Structures are given as structure tokens and as C-alpha cells.
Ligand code: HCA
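Okay, so here's just one chain, in C-alpha cells, the form predicted alone.
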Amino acid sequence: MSIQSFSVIDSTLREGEQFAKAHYTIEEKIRIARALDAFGVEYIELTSPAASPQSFEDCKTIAGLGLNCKILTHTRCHMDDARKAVATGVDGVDILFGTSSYLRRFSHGKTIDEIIASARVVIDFIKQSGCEVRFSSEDTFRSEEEDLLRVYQAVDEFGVNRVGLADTVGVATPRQLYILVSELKKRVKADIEFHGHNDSGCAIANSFTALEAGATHIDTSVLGIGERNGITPLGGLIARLYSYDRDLVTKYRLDQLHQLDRMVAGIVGIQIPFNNYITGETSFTHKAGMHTKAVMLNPGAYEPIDPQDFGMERTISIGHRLTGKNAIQNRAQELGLHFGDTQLREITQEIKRLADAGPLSTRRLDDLLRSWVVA
């Protein structure tokens, strides 16, 4: 199935608040919410207003900002939580219930029948309050498929807007995602949402596969921050979709991704990883001679993503022992210098020899090129 329409539910202000280093002030939450809205995400998900008195007030504040995107909050499938959620003025309430044997035994202790009965009451209340409602099975991929389908079909009949698949501990594989989403598409009328943790490194692949199978909503967070190793990173999902079909992401302000990553990194006190999707320091740096030659002729030879679309710049690394004559010639031309083929080969070998002791700074490289002309 080809990917068509989908929505991003960004959970930086919910899942991201569960990140070990996160403790947002309300001012920081507002900055993040406005930036996500400017980027173009369709939904922002907030911490449950039942979590603390400040969480309740923060939820009300964000819901009242008048943003273009819809504001959701995430709560237990419990009437007390649902009442608080609705009272904040959010557009939708995301409720969850653990369906795996682990959570049924060690968390809430309820049977599948009891889960369905509780869900009916809470879903009816949220719908009557005029809010969207999503029901998610927590720990979906350690649950029995028979149990899952019973619950999903029941809540679908209750009229939920979305059913959610949550890879709560990050153990799902893309194959499992495709099979379950495909089967669920046959069983329910509601939209399908996927929330994937990254404990085993499959969050982006799983999210993409869920969309291929027919899911309609993907949960993300900026830089992937969240509980433990976090969830599907917003930039990573964008990179995967862009490299598949860039038309899928033209609805977002791609040039704002770097600013968004930097802002959230600063707020939670971390660095953007050097190899971060799109916005990492080395994302568009080319070094090996064979690579740089091809990139200078056609960047698409080694770049599946155009850095200009994201307000980023390409870097051709030159002053090192892996450099090639084409990179040297390109730098010389930028300096207004011209070498014959023999000279170019000679100076390239000299740069390689010198660089065996360590990379040359741009200034030293430029001085060497100029001195070679004089010589």
C-alpha cells in the first residue's frame, strides 16, 4: 500500500517530559508548542493534567494559545483523569489501557472484559464532551493478538476517532507492524495511530512501515526524547519520508527543523548528536575523495536529502589524507587559483603527505595552495 495522507502527533510535551533530563517550565512549553505549530505538525500531545496541579494548569494554558494544530492530552482510561482532561479545553483526549499479560498482572490487574467495560464509560464521556478520543492498547506487541482485536473492535464500535498501537518497550519489528496494521485495517473503521519506542533501534523503521500498511497517525518527539531511549524522532521520520517521496513532507516547514532541534536540545540540556538525522553536525559533510568528486558533479550521487530544503549547508572536507584532486581543484578555484593537471596531482600528494600527521586547517590549506602558485 502506498503512503498517502497521514498526520504527525508530536509528543515532545508529553513523552518528551518523561525524558530523564527534562523539566519544562510553562514558558518553555509555550516556546516548544509555538515552534511545533510553526513547523506544521497536525497535533501536539501534552502530559496528563492528572499528573500534577501544574500539569493541569499547563494543559489549560497550551490549549488556550489558539494554535493551528490540535491539542491533545494523554491519560489513563479512568473517569477521574478524563474529567480533568476535558476541563482543560483540549481538542482531544488520548486514553490508554495496558493489554499485555505483563501489565494486566503487574499493573492494573484487569481482564480483557473489564478493560472493554471501563473503556466504554470513559469513551462515551469524552465523546459527549465534544473531544476527539483515541484508545490505545499499552504494550501492544507483547499482547495476544486475539485480545488486541477484541479490544480494538469493541472501542471502534464505541466510536473512537483513532485506535492506537503502542510499542511501549520497543520490541516490535517492521514485519510485525505491517501484519498487525494490515489486519487491523480490515477490522476497524477508525484511524490507526502508532507510538514506537526506540529501545532496539526500530522506531523510525516501524513508524514508516506502519504508514505503508495503512496507519494514519504517527507519534514523534523532537530529537526522539522520551522514556528510556525515547520514541520516533520527528526529524528521523521526516528524513525517512523525504527520501522515499519528498512530496509527502512539503506540508511542513522543513527549514525550521534545525532551529526546533537546537531549541529543545538547549532546554533539556543535551547536544544534538553528530549523526542526527538532517540536523547533525556531519549530516552533509563529505570527506572521501571518490565521494567528493561525485558530489561536486551531482550532489544526489551521495545525498538522498537536499540540505538546502532544510536550511542546511553541504561541507566538502579537504585537508586530510583521504582527499582527492577534485576537491583540491574545487578549493583552488574558489580562491581564484588555477593549476595544471601535473601541478594538481603534485599538490594533492603533498597535502596527503602533510595530512598523515593530522588534518590541515582551512587556513593552512589555503596558504599552501597560494604558496604553490608562487613557487
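Small disclaimer: the values here were computed from a predicted structure and weren't measured. Just count from 1 along the sequence shown to find any residue number.
What comes next is about the form predicted together with the named molecule, which does not appear here.
- Here the chain stands by itself, but in the predicted bound form one stretch of 7-15, 362-370, 349-357, 21-29, 7-15, has heavy atoms within 4.5 Å of the named molecule.
- Taking 221, 206, 143, 168 one by one, only a single residue has any non-hydrogen atom within 4.5 Å of the named molecule in the predicted bound form, and it is 168.
- Proximity of residue 81 to the named molecule in the predicted bound form falls outside the 4.5 Å heavy atom cutoff.
- Contact between residue 138 and the named molecule in the predicted bound form is found at the 4.5 Å heavy atom cutoff.
- In the predicted bound form, the named molecule lies within 4.5 Å of some heavy atom of residue 96.
- Contacts of stretch 61-86 with the named molecule in the predicted bound form, defined by any heavy atom lying within 4.5 Å, are made by 74 alone.
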